[in-house]
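What follows is a single chain, given as structure tokens, in the form predicted on its own.
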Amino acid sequence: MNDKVGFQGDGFNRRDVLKTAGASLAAAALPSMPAFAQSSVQLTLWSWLPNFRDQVDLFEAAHPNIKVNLVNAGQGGDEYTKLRAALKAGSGLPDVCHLEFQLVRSFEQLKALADIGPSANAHKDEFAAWAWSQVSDGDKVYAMPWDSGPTAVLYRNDVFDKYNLTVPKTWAEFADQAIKLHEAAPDVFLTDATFSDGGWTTSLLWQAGWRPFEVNGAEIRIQVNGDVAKKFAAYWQKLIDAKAIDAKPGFVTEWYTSLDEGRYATWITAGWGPVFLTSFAKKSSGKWRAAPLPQWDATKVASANWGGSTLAALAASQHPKEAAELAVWLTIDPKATELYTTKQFLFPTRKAILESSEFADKPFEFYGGQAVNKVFVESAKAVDPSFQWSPFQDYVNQTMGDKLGAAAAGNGTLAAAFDSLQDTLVQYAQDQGFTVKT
């Protein structure tokens, strides 16, 4: 569950696919707890996941003395706005809340999240390494990984056959195929590069080796326009200038139609993408396939993540042991976690499911019988865990989308947009009280 797919912004985004199928608070270190609380307590859980009551009911059945008040406080940004307001007011906070991966560091920086490491660390090896690295700092754990979005490519098999295209294994091959298709069919594009979506762009930069932030308390190193960004910008700028790709906003009517009608031959997407696509591309059912993300270096397989979320216990909770148990149990219980993949179609972070042949080998008629999950499972294995989010990633994603989206639309160049982004983020971090290194 991410930002625009998303993370910020209006319109139909990745969160909607689920419908279709205080700064002064000190983080608390929590001891592990028994299977259920010894005295009756009530917890409040904020989450926008549809039909989540089913899994919460399973938790209550396993913990008779804990009752859970499940509240939908809004999707993504709407929930975060309410969470920040409650932190400022010092009241009205939930015990556990739904946070996207890129926001965990932001709320941890505010000392809003409890350290649930003593309860959670026993389960570290049950999760994909990259997902655990996103929620932990050494033995400290600030949230439990829930769902994810390892990246790959969905492509139109019929379009590839018609124009004799080859599924690209490298980004160099991707560029060659984009130009070949454009020359054969000027009104058809290999892909739509949605630079107006900061989350999409970040995932591709992550795969390319971009590491723009290093955070150490109140110190932050920012280098968003370094060598990786320059190479990335030059690559995509060449395709934009050649008009070999489209570079319009995603998740709008034109974008949906273009995918369904074959005007866009691929969608560079994440593990939640296959189910999302089936929700609107009805006419093209059976014509889609999945393939691994192209590589910058054919000898080194690398992937990245776009989207996904966590469950975090709040430091302000009056029931810290029970809050930790709620966050941990809902993300490790076999029955609950299986339901996420079969009922809400979340892409898992737990190894037990990622390594399950039942999950990986499931055929999808929409994809011509292909076991598309297997492609994304392999992607999940190749996500580099060294990527770090900034303490203000929602601002980063929005600003990146604005600047790169404008450049992709013809207002300047991508390289200049990265330089402008660097200056803007440095100033913003300084205004927030950070000591900035570049």
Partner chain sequence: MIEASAAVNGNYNGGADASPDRTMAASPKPPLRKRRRFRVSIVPYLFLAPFLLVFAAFLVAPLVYALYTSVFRDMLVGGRRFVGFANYLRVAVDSDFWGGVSNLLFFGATQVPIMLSLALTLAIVLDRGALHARGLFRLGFFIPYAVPSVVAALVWGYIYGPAFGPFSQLARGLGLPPPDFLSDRTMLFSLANIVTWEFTGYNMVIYYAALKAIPSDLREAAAIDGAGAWQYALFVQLPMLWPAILLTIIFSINGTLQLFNEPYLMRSIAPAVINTHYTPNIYAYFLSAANQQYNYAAAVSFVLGLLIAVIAGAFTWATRRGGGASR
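Positions refer to the first chain, counted from 1. It should be emphasised that the depicted structure is a prediction, and the values quoted were computed from it without experimental measurement.
One more form of this protein should be noted, the form predicted in complex with the partner chain, which is absent from this view; the next part is about it.
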In contact with the partner chain in the model of the complex (heavy atoms, 4.5 Å), from 44-52, 368-376, 66-74, 403-411, is stretch 403-411
Interface check vs the partner chain in the model of the complex: of A242, A218, A184, A234, the one with a heavy atom inside 4.5 Å is A218
In the model of the complex, the residue from V167, I179, A208, V252 with a non-hydrogen atom within 4.5 Å of the partner chain is V252
Quiz prompt | Distance check, Q223 to the partner chain in the model of the complex, heavy atom within 4.5 Å | solution = no
Counting only non-hydrogen atoms and a 4.5 angstroms cut-off, does Q388 reach the partner chain in the model of the complex?
no
*asked:* Given that the partner chain is not shown alongside this chain, does D125 nevertheless sit within 4.5 Å of it in the model of the complex, heavy atom to heavy atom?
replied: no
Would you classify S284 as touching the partner chain in the model of the complex, given a 4.5 Å non-hydrogen atom cut-off?
no
Give a yes or no on whether every one of D57, F59 and D95 sits within 4.5 angstroms of the partner chain in the model of the complex by heavy atom. no
In sequence order, the residues of 405-438 that place a heavy atom within 4.5 Å of the partner chain in the model of the complex are G405, A406, A409, N411, Y428, D431, Q432, G433, F434
